[in-house]
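Just the one chain here, laid out as C-alpha coordinates, in the form predicted alone.
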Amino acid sequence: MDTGPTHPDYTLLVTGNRGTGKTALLNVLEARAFERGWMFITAAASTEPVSARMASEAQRCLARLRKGRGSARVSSVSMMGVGVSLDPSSQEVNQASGLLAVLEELGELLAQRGGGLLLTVDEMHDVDRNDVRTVASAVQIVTRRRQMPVAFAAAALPLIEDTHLADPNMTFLQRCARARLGLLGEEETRAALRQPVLDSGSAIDDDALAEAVALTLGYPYMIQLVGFHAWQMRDDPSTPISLTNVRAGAAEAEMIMVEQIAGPTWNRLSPMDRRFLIEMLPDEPDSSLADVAARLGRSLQYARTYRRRLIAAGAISTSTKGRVRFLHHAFRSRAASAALEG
(Lines give C-alpha, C1' and ligand atoms only; values in the text may rest on other atoms or scores of the structure.)
Protein backbone atom coordinates (compact mmCIF):
# COMPACT_ATOMS: atom_id res chain seq x y z
CA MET A 1 0.00 0.00 0.00
CA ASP A 2 2.92 2.34 0.66
CA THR A 3 4.63 1.56 -2.65
CA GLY A 4 1.54 1.61 -4.85
CA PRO A 5 0.49 -0.31 -7.98
CA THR A 6 4.09 -1.05 -9.00
CA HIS A 7 4.51 -3.40 -6.03
CA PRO A 8 4.12 -7.08 -7.06
CA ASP A 9 1.85 -7.80 -4.07
CA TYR A 10 -0.64 -5.10 -5.07
CA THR A 11 -2.62 -7.91 -6.70
CA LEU A 12 -2.55 -10.99 -4.49
CA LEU A 13 -4.00 -14.50 -4.52
CA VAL A 14 -4.12 -16.27 -1.15
CA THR A 15 -4.45 -20.06 -1.34
CA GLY A 16 -4.75 -22.67 1.36
CA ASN A 17 -6.90 -25.50 2.63
CA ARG A 18 -10.00 -24.91 4.72
CA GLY A 19 -9.15 -23.60 8.15
CA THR A 20 -5.69 -22.26 7.32
CA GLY A 21 -6.64 -18.58 7.76
CA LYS A 22 -7.40 -17.26 4.26
CA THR A 23 -10.50 -15.31 5.26
CA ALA A 24 -8.79 -14.10 8.42
CA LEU A 25 -5.92 -12.75 6.32
CA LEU A 26 -8.34 -10.90 4.03
CA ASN A 27 -9.96 -9.41 7.12
CA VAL A 28 -6.59 -8.15 8.33
CA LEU A 29 -5.86 -6.59 4.93
CA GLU A 30 -9.24 -4.83 5.01
CA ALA A 31 -8.55 -3.54 8.52
CA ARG A 32 -5.14 -2.21 7.44
CA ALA A 33 -6.75 -0.50 4.44
CA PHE A 34 -9.35 1.11 6.68
CA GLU A 35 -6.70 2.31 9.12
CA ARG A 36 -4.91 4.20 6.37
CA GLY A 37 -8.12 5.86 5.14
CA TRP A 38 -8.77 3.60 2.17
CA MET A 39 -12.12 2.37 0.96
CA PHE A 40 -12.59 -1.34 0.58
CA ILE A 41 -15.16 -3.59 -1.05
CA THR A 42 -15.40 -7.24 -0.11
CA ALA A 43 -17.18 -10.02 -1.95
CA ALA A 44 -17.58 -13.79 -1.90
CA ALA A 45 -19.10 -16.39 -4.18
CA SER A 46 -22.90 -16.29 -4.20
CA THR A 47 -25.83 -16.63 -6.56
CA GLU A 48 -25.21 -13.15 -8.00
CA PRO A 49 -22.24 -12.10 -10.14
CA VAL A 50 -19.35 -10.68 -8.14
CA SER A 51 -18.59 -8.21 -10.93
CA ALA A 52 -22.11 -6.73 -10.87
CA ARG A 53 -22.12 -6.39 -7.08
CA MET A 54 -18.62 -4.93 -7.16
CA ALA A 55 -19.70 -2.30 -9.70
CA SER A 56 -22.77 -1.49 -7.62
CA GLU A 57 -20.77 -0.95 -4.43
CA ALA A 58 -18.13 1.06 -6.29
CA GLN A 59 -20.93 3.35 -7.46
CA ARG A 60 -21.93 3.83 -3.83
CA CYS A 61 -18.35 4.75 -2.96
CA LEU A 62 -18.31 7.28 -5.81
CA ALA A 63 -21.57 8.81 -4.64
CA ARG A 64 -20.18 9.15 -1.14
CA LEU A 65 -17.06 10.91 -2.36
CA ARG A 66 -18.96 13.22 -4.70
CA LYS A 67 -21.13 14.34 -1.82
CA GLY A 68 -18.00 15.32 0.04
CA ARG A 69 -18.77 13.13 3.02
CA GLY A 70 -15.40 13.38 4.67
CA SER A 71 -12.21 11.95 3.25
CA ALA A 72 -11.69 8.68 1.49
CA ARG A 73 -12.08 6.94 4.83
CA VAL A 74 -15.42 5.18 5.05
CA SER A 75 -16.80 2.25 6.93
CA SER A 76 -16.77 -1.24 5.43
CA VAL A 77 -18.81 -1.70 2.31
CA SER A 78 -19.91 -5.33 2.29
CA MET A 79 -21.24 -6.97 -0.84
CA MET A 80 -22.47 -10.14 0.81
CA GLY A 81 -26.05 -10.56 -0.29
CA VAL A 82 -26.14 -7.12 -1.94
CA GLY A 83 -26.51 -6.31 -5.61
CA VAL A 84 -28.66 -6.93 -8.63
CA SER A 85 -29.40 -10.14 -10.45
CA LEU A 86 -28.00 -10.26 -13.97
CA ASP A 87 -27.87 -13.03 -16.53
CA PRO A 88 -24.12 -13.71 -16.96
CA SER A 89 -24.55 -15.00 -20.50
CA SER A 90 -26.33 -11.88 -21.78
CA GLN A 91 -24.77 -9.21 -19.56
CA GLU A 92 -21.09 -10.19 -19.54
CA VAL A 93 -19.98 -7.37 -21.86
CA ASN A 94 -22.03 -4.75 -19.99
CA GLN A 95 -20.70 -5.99 -16.66
CA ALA A 96 -17.11 -5.80 -17.86
CA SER A 97 -17.41 -2.30 -19.32
CA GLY A 98 -19.53 -1.07 -16.40
CA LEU A 99 -17.12 -2.35 -13.76
CA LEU A 100 -14.11 -0.98 -15.61
CA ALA A 101 -15.69 2.46 -16.01
CA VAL A 102 -16.67 2.85 -12.38
CA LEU A 103 -13.32 1.56 -11.08
CA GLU A 104 -11.47 3.98 -13.35
CA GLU A 105 -13.52 6.92 -12.14
CA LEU A 106 -13.26 5.89 -8.50
CA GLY A 107 -9.54 5.15 -8.78
CA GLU A 108 -8.86 8.54 -10.35
CA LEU A 109 -10.81 10.39 -7.67
CA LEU A 110 -9.10 8.48 -4.85
CA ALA A 111 -5.67 9.12 -6.39
CA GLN A 112 -6.38 12.85 -6.39
CA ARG A 113 -7.26 12.65 -2.69
CA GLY A 114 -4.30 10.50 -1.73
CA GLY A 115 -6.49 7.51 -0.95
CA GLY A 116 -7.00 4.08 -2.38
CA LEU A 117 -9.39 1.17 -2.84
CA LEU A 118 -8.95 -2.45 -1.80
CA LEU A 119 -11.03 -5.11 -3.54
CA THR A 120 -11.21 -8.51 -1.84
CA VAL A 121 -12.89 -11.68 -3.07
CA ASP A 122 -13.27 -14.74 -0.82
CA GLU A 123 -13.96 -18.28 -2.05
CA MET A 124 -12.70 -17.33 -5.52
CA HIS A 125 -12.68 -21.00 -6.56
CA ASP A 126 -16.50 -21.01 -6.40
CA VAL A 127 -16.99 -17.84 -8.47
CA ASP A 128 -18.23 -18.43 -12.02
CA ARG A 129 -15.27 -18.45 -14.41
CA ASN A 130 -16.73 -15.81 -16.74
CA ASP A 131 -17.36 -13.62 -13.71
CA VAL A 132 -13.75 -14.05 -12.61
CA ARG A 133 -12.58 -13.02 -16.09
CA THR A 134 -14.71 -9.87 -15.90
CA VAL A 135 -13.26 -8.82 -12.55
CA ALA A 136 -9.71 -9.76 -13.54
CA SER A 137 -9.92 -7.81 -16.80
CA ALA A 138 -11.12 -4.65 -15.07
CA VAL A 139 -8.52 -4.83 -12.28
CA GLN A 140 -5.71 -5.54 -14.73
CA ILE A 141 -6.50 -2.40 -16.73
CA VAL A 142 -7.11 -0.11 -13.77
CA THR A 143 -4.28 -1.33 -11.54
CA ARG A 144 -1.54 -2.68 -13.76
CA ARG A 145 -1.95 -0.67 -16.95
CA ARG A 146 -3.22 2.65 -15.63
CA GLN A 147 -1.43 2.46 -12.27
CA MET A 148 -4.41 3.62 -10.20
CA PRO A 149 -4.53 2.98 -6.43
CA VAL A 150 -6.87 -0.01 -6.69
CA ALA A 151 -5.42 -3.06 -4.91
CA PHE A 152 -6.81 -6.57 -5.20
CA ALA A 153 -6.67 -9.63 -2.94
CA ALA A 154 -8.53 -12.91 -3.42
CA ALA A 155 -8.63 -16.14 -1.41
CA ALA A 156 -9.24 -19.64 -2.74
CA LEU A 157 -8.77 -23.32 -2.07
CA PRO A 158 -5.73 -24.89 -3.80
CA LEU A 159 -8.05 -26.61 -6.27
CA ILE A 160 -8.19 -23.27 -8.11
CA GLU A 161 -4.84 -24.29 -9.62
CA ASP A 162 -6.64 -26.97 -11.66
CA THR A 163 -9.67 -24.85 -12.52
CA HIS A 164 -9.50 -21.06 -12.98
CA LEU A 165 -5.70 -20.87 -13.07
CA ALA A 166 -5.53 -23.61 -15.70
CA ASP A 167 -7.60 -21.42 -18.03
CA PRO A 168 -5.26 -19.84 -20.65
CA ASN A 169 -7.43 -16.71 -20.57
CA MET A 170 -6.71 -16.11 -16.87
CA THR A 171 -3.30 -14.54 -17.39
CA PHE A 172 -3.92 -11.73 -14.90
CA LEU A 173 -4.86 -14.13 -12.13
CA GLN A 174 -1.87 -16.33 -12.99
CA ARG A 175 0.43 -13.31 -12.58
CA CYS A 176 -0.95 -12.28 -9.19
CA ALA A 177 1.49 -12.63 -6.30
CA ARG A 178 0.82 -15.75 -4.22
CA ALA A 179 0.48 -16.21 -0.50
CA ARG A 180 0.23 -19.93 0.23
CA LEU A 181 -1.04 -20.71 3.71
CA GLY A 182 -0.39 -24.09 5.29
CA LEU A 183 0.32 -25.78 8.59
CA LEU A 184 2.35 -24.05 11.28
CA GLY A 185 5.61 -25.42 12.58
CA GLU A 186 5.96 -26.64 16.15
CA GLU A 187 7.37 -23.41 17.56
CA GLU A 188 4.82 -21.31 15.68
CA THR A 189 2.05 -23.51 17.05
CA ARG A 190 3.43 -23.19 20.56
CA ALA A 191 3.50 -19.39 20.27
CA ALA A 192 0.01 -19.26 18.75
CA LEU A 193 -1.38 -21.23 21.70
CA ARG A 194 0.59 -19.64 24.50
CA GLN A 195 0.78 -15.95 23.59
CA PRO A 196 -2.98 -15.16 23.62
CA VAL A 197 -3.19 -16.79 27.06
CA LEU A 198 -0.32 -14.70 28.38
CA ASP A 199 -1.71 -11.54 26.76
CA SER A 200 -4.98 -12.16 28.61
CA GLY A 201 -3.19 -12.28 31.96
CA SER A 202 -3.45 -16.02 32.47
CA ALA A 203 -1.15 -19.03 32.06
CA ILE A 204 -1.01 -22.56 30.67
CA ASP A 205 0.78 -25.49 32.30
CA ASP A 206 3.82 -26.84 30.43
CA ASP A 207 2.34 -30.32 30.00
CA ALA A 208 -0.94 -28.81 28.81
CA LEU A 209 0.86 -26.68 26.22
CA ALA A 210 2.87 -29.67 24.98
CA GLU A 211 -0.33 -31.70 24.62
CA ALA A 212 -2.09 -28.88 22.79
CA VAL A 213 0.81 -28.55 20.33
CA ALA A 214 0.73 -32.29 19.65
CA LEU A 215 -3.05 -32.46 19.22
CA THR A 216 -3.44 -29.52 16.86
CA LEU A 217 -0.78 -30.74 14.39
CA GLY A 218 -0.14 -27.14 13.35
CA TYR A 219 -3.60 -26.76 11.78
CA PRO A 220 -4.48 -23.07 12.28
CA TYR A 221 -8.23 -23.49 12.85
CA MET A 222 -7.62 -26.42 15.21
CA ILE A 223 -5.18 -24.24 17.16
CA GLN A 224 -7.86 -21.57 17.50
CA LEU A 225 -10.49 -24.10 18.57
CA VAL A 226 -8.33 -25.94 21.11
CA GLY A 227 -7.13 -22.67 22.62
CA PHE A 228 -10.64 -21.29 22.91
CA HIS A 229 -12.29 -24.41 24.32
CA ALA A 230 -9.43 -25.21 26.72
CA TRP A 231 -9.80 -21.66 28.06
CA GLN A 232 -13.55 -22.16 28.47
CA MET A 233 -13.16 -25.52 30.22
CA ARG A 234 -11.63 -24.05 33.37
CA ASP A 235 -13.87 -23.98 36.43
CA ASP A 236 -11.83 -21.10 37.85
CA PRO A 237 -10.75 -18.46 35.27
CA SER A 238 -7.91 -17.38 37.56
CA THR A 239 -6.17 -20.79 37.34
CA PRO A 240 -3.76 -21.84 34.56
CA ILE A 241 -5.06 -24.00 31.72
CA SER A 242 -4.43 -27.60 32.69
CA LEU A 243 -3.85 -30.83 30.79
CA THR A 244 -7.43 -31.86 31.58
CA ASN A 245 -8.71 -28.59 30.13
CA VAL A 246 -6.73 -29.10 26.94
CA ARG A 247 -7.95 -32.66 26.43
CA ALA A 248 -11.56 -31.64 27.00
CA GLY A 249 -11.14 -28.67 24.69
CA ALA A 250 -9.55 -30.84 22.03
CA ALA A 251 -12.55 -33.19 22.10
CA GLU A 252 -14.85 -30.24 21.39
CA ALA A 253 -12.50 -28.98 18.69
CA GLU A 254 -12.36 -32.37 17.00
CA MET A 255 -16.13 -32.48 16.55
CA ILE A 256 -16.12 -28.99 15.06
CA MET A 257 -13.27 -29.87 12.70
CA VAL A 258 -15.17 -32.89 11.40
CA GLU A 259 -18.32 -30.84 10.86
CA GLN A 260 -16.87 -27.58 9.52
CA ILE A 261 -13.64 -28.62 7.78
CA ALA A 262 -13.65 -32.34 6.92
CA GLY A 263 -17.38 -32.43 6.13
CA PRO A 264 -17.43 -29.71 3.43
CA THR A 265 -14.22 -31.11 1.92
CA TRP A 266 -15.70 -34.62 1.83
CA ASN A 267 -18.84 -33.35 0.12
CA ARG A 268 -16.80 -32.04 -2.81
CA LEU A 269 -14.97 -35.33 -3.40
CA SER A 270 -15.78 -37.86 -6.10
CA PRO A 271 -16.75 -41.44 -5.18
CA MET A 272 -13.23 -42.65 -6.02
CA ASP A 273 -11.65 -39.84 -3.98
CA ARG A 274 -13.71 -41.01 -1.02
CA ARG A 275 -12.85 -44.66 -1.57
CA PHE A 276 -9.15 -43.77 -1.64
CA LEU A 277 -9.49 -42.19 1.81
CA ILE A 278 -11.42 -45.16 3.15
CA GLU A 279 -8.67 -47.52 1.94
CA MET A 280 -6.17 -45.49 3.98
CA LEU A 281 -8.00 -46.26 7.24
CA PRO A 282 -6.17 -49.53 8.12
CA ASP A 283 -2.83 -47.70 8.30
CA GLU A 284 -1.44 -45.54 11.09
CA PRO A 285 0.04 -42.94 10.96
CA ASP A 286 0.46 -43.02 7.17
CA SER A 287 -0.19 -45.27 4.19
CA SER A 288 1.96 -46.67 1.42
CA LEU A 289 0.61 -45.50 -1.92
CA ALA A 290 1.30 -48.99 -3.30
CA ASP A 291 -0.85 -50.54 -0.57
CA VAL A 292 -3.72 -48.15 -1.27
CA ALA A 293 -3.47 -48.93 -5.00
CA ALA A 294 -3.65 -52.65 -4.27
CA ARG A 295 -6.72 -52.23 -2.07
CA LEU A 296 -8.35 -50.19 -4.82
CA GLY A 297 -7.45 -52.86 -7.38
CA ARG A 298 -5.78 -50.18 -9.49
CA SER A 299 -2.31 -49.38 -10.79
CA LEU A 300 0.19 -47.27 -8.90
CA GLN A 301 -0.08 -44.59 -11.59
CA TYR A 302 -3.85 -44.49 -11.07
CA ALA A 303 -3.34 -44.04 -7.33
CA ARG A 304 -0.86 -41.21 -7.96
CA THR A 305 -3.55 -39.32 -9.88
CA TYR A 306 -5.92 -39.50 -6.92
CA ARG A 307 -3.15 -38.65 -4.49
CA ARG A 308 -2.64 -35.40 -6.39
CA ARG A 309 -6.39 -34.70 -6.42
CA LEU A 310 -6.74 -35.30 -2.68
CA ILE A 311 -3.73 -33.15 -1.84
CA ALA A 312 -5.27 -30.33 -3.90
CA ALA A 313 -8.59 -30.88 -2.11
CA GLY A 314 -6.85 -30.54 1.28
CA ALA A 315 -7.66 -34.03 2.58
CA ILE A 316 -4.22 -35.64 2.64
CA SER A 317 -0.54 -34.76 2.50
CA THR A 318 2.62 -36.62 1.63
CA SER A 319 4.71 -37.85 4.56
CA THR A 320 7.71 -39.48 2.91
CA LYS A 321 8.30 -40.65 -0.65
CA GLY A 322 5.54 -42.99 -1.70
CA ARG A 323 3.52 -42.50 1.49
CA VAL A 324 0.51 -40.35 2.34
CA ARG A 325 -1.34 -39.39 5.49
CA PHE A 326 -4.57 -37.66 6.44
CA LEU A 327 -3.95 -33.92 6.66
CA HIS A 328 -5.79 -33.91 9.97
CA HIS A 329 -7.39 -36.72 12.00
CA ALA A 330 -10.78 -35.05 11.38
CA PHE A 331 -10.52 -36.38 7.82
CA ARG A 332 -9.79 -39.87 9.17
CA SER A 333 -12.88 -39.58 11.37
CA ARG A 334 -15.03 -38.52 8.42
CA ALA A 335 -13.73 -41.39 6.27
CA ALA A 336 -14.35 -43.86 9.13
CA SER A 337 -17.94 -42.67 9.46
CA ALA A 338 -18.47 -43.14 5.74
CA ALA A 339 -17.02 -46.65 5.91
CA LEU A 340 -19.44 -47.58 8.68
CA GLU A 341 -22.33 -46.15 6.68
CA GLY A 342 -21.38 -48.54 3.87
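This structure is a prediction, so every number in the text was calculated from the model and none was measured. In this text, residue numbers run from 1 along the sequence as written.
Here the subject shifts to the form predicted together with a small molecule, a form of this protein not shown in this document.
- Put simply, of 211, 254, 123, 105 only one has a heavy atom within 4.5 Å of the small molecule in the predicted bound form, and it is 123.
- Proximity to the small molecule in the predicted bound form, defined as a heavy atom within 4.5 Å, singles out one entry of 151, 193, 157, 241, which is 157.
- The partner is not drawn, yet in the predicted bound form one stretch among 214 to 222, 130 to 138, 160 to 168, 111 to 119 has residues with heavy atoms inside 4.5 Å of the small molecule: 214 to 222.
- Taking the partner from elsewhere, residue 332 is found to have every heavy atom lying beyond 4.5 Å of the small molecule in the predicted bound form.
- Contact annotation for residue 11: none of its heavy atoms lies within 4.5 Å of the small molecule in the predicted bound form.
- Contact between residue 21 and the small molecule in the predicted bound form is found at the 4.5 Å heavy atom cutoff.
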